[in-house]
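One chain follows as structure tokens, the form predicted on its own.
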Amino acid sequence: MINKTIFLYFIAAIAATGGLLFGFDTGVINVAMPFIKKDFTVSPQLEGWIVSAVLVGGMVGPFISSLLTDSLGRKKINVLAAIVFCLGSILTAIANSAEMLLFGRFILGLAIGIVSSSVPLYIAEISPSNIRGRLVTFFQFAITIGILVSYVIGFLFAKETEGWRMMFWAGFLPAIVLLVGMFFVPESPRWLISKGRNDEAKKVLADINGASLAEDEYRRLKESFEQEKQQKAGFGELFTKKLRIPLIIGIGIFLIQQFSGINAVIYYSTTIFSMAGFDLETTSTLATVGVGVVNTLSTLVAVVFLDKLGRKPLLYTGLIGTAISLGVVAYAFYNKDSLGTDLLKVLSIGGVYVYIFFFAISLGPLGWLLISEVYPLRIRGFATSMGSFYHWFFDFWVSLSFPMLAATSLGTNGGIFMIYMGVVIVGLLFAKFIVFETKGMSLEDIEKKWK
């Protein structure tokens, strides 16, 4: 049993390397951008587009994933994403203009958009129900590690001539790990059954569950699939009345996640801390590394407790905590003239760190977990891709608007953080009336709710 468990964690870790690349390539621009602006002429609008190019690619990537995940399989689509990651890393590292850098960032975004739907789906389909939350949360944990690594790499190369190029080159290494690693993990047994490859599915189930449990699990999955074949399947089913709640969950969880301001912090924390009086090249960058550390360690809390406490208790706790911490940051900037420099620094960095903690135990992992759980198998590939699209669509508007809003009174007086806090408060209503508890339920049991 121990060997099977280790094998499952190995599979999740390899697949979650896609999450590490997701985190690295979205986070590295935070520490790289101040130095890119020294080599290229970058206006606030162009800065927003260079940051957001990944997000535009992220919106396109899920459409590629939705077209290919159900036909090629969960494994091959991740191999494709790894190749695109390699290409994007090379283009950004050798960019000789802001426009070429923008294009390279778009290519990276395509890969991120693919893995953001394919990896949680793959891990969810290969995981037993009792540890599914923990294993899918590996993806979010890997994202936070990627963000942290990008910040550390940025700090190490901050004083090097054109050090930002080395920051982008560093993303090439995990892309190779994902590319090679995917050849050593099995295909999703649920996908194999859907393609009539039953013997292969039985072998995978035996490898991950043990021979004694594999036959029963195979029969259960096969029966579920045969029932689904009796019904007409198509992407239009996602928009039918019986799947209205899963659709709302898939859109709503990412709307609240992104408009809570998380990626304003992830992409621009160096700028936020410099606005609070920290030195740009040293303390602001180091404080941003602290954001990555808090993010990574806090996600471990979610890994440990999601399957023990359940989804909704952590969601409630996280939403309340993020609302309070955003209020503290808004208060600090609104009263910066009367607080003094030292207290402004303490409240701003403390508020951001506490905000990151509560986000990382709730909204961060739950977005990817819920969209991998709540949809029927026959449209799960398409539906999770759509969930990923909503994530990038909302993320795009937050990241594009932040530098422009930060240059107005909303940025200088903390009003932008009050807007984010209002969204989080609305999220509490969403958690109470829309989200349902999936702890301990198999994917097939969840699907029965919609029948």
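Numbering starts at 1 and follows the sequence shown. Note that this is a predicted model, so its numbers are computed, not measured.
There is also a form predicted in complex with a small molecule; it is not shown, and the following applies to it.
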Task: Residues Val31, Gly146 and Ser269 all lining the small molecule in the predicted bound form, heavy atom within 4.5 Å - done: no
Open item on the list: Under a 4.5 Å heavy atom criterion, is Gly364 part of the interface with the small molecule in the predicted bound form?
Closed with: yes
Open item on the list: Within 4.5 Å, heavy atoms only: does Tyr355 come near the small molecule in the predicted bound form?
Closed with: no
TODO: With heavy atoms only and a cut-off of 4.5 Å, decide whether Ser260 touches the small molecule in the predicted bound form.
DONE: no
Open item on the list: Please tell me whether any heavy atom belonging to Phe359 falls inside 4.5 Å of a heavy atom of the small molecule, as the geometry stands in the predicted bound form.
Closed with: yes
TODO: Note which of Phe85, Tyr375, Phe168, Trp368 lies within 4.5 Å of the small molecule in the predicted bound form, where distance is taken over heavy atoms; exactly one does.
DONE: Trp368
Open item on the list: Please identify the residue among Ser348, Thr322, Gln140, Thr288 with any heavy atom within 4.5 Å of the small molecule in the predicted bound form.
Closed with: Gln140
Open item on the list: Tell me which stretch of 250-258, 121-129, 201-209, 177-185 has a heavy atom within 4.5 angstroms of the small molecule in the predicted bound form.
Closed with: 250-258
